[in-house]
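Take a look at this single chain, the form predicted on its own, given in structure tokens.
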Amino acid sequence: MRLGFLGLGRMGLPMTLRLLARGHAVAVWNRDPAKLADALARGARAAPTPAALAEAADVLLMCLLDARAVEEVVFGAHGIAFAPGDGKLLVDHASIAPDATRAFAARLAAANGMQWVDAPVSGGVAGARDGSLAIMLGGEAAACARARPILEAYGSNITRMGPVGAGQATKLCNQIIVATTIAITAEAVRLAQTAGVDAGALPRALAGGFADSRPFQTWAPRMVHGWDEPLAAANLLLKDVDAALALARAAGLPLPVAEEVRRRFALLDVRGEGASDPAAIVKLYS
């Protein structure tokens, strides 16, 4: 099966490298061609445009920043929608709103007949590198089944959640849990420090208990000791919380805890820390 991967950024590159390591034939495209170097060195082929890549591949995998980037790559000049799409599949790893996903899927099907599977991921760069990502699928059952063997290159937990858009709705559930955990971890770290406790020992002390979680183990040390490079951006997490709240409001569902967490991350953004690692939220308690 011929694969195409679009968007070789922080997440997309290690995902592509794992596909290549599995022996897949992969064509690649990125807005900045310089980011293709590592994949090309491992045997990938470069495509000049998204349309050219779509023409040469049976299954396309896409890992872009947001809905605007997705729309441009799929429907813009030389976009995927301008290539023949019958019998082909587009798997979108971006985190975007469910209604936008459903609209894009219908629009692409009308343009060239290509099927859409939304497949947002959780697990960060480390998960992409070691193949342990959780991947939440939305799409027709047959399309998701077709995608699964490919996604197993970088995902260890792959679950179809329902029709197109269901994967994105599941990712929003994931994101409000992650954002809330990061926010309350900052409060716990500052409380420990105020009480004279070695906050750096919290992850070890709480490991295996009910307060333990992967986000806690990941971000508590960064809040105490700092970080060299961000694992994510606080403003991207804020974007996802905003999308979750919009989905809830449309259904008439109040999410008061998520609303408060959203206010904390919005304040961080206003203070100029939006592009920082989410661990920077601990600075609000300085």
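Quick note: we count residues from 1 along the sequence shown, nothing fancier. Basically, rigid core = biggest C-alpha set you can superpose within 1.5 Å across the two forms. If you're wondering where the values come from, they're calculated on a predicted model, not measured in any experiment.
The same protein also exists as the form predicted in complex with a further copy of the same chain; that form is not shown, yet it is the one meant from here on.
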Among 107-115, 84-92, 69-77, 168-176, which stretch has residues whose heavy atoms lie within 4.5 Å of a further copy of the same chain in the predicted bound form? 168-176
My question is simply whether E260 lines the interface with a further copy of the same chain in the predicted bound form - judged by any non-hydrogen atom within 4.5 Å. yes
Heavy atoms within 4.5 Å of a further copy of the same chain in the predicted bound form: does A248 have any? yes
Contact between T218 and a further copy of the same chain in the predicted bound form at 4.5 Å, heavy atoms? yes
If we define contact as a non-hydrogen atom of the residue within 4.5 angstroms of the partner, is A207 a contact of a further copy of the same chain in the predicted bound form? yes
Only one of A100, A183, A143, I150 has a non-hydrogen atom within 4.5 angstroms of a further copy of the same chain in the predicted bound form; which is it? A183
Heavy atom within 4.5 Å of a further copy of the same chain in the predicted bound form: which residues of 180-210 meet that condition, in order? T180, A183, I184, E187, A188, R190, L191, A192, T194, A195, G196, V197, D198, A201, L202, R204, A205, L206, A207, G208, G209, F210
2 Å or more on the CA of E259 between this form and the one not shown, with the rigid core superposed, yes or no? yes
Taking the rigid core as reference, does E187 move its C-alpha 2 Å or further between this form and the one not shown? yes
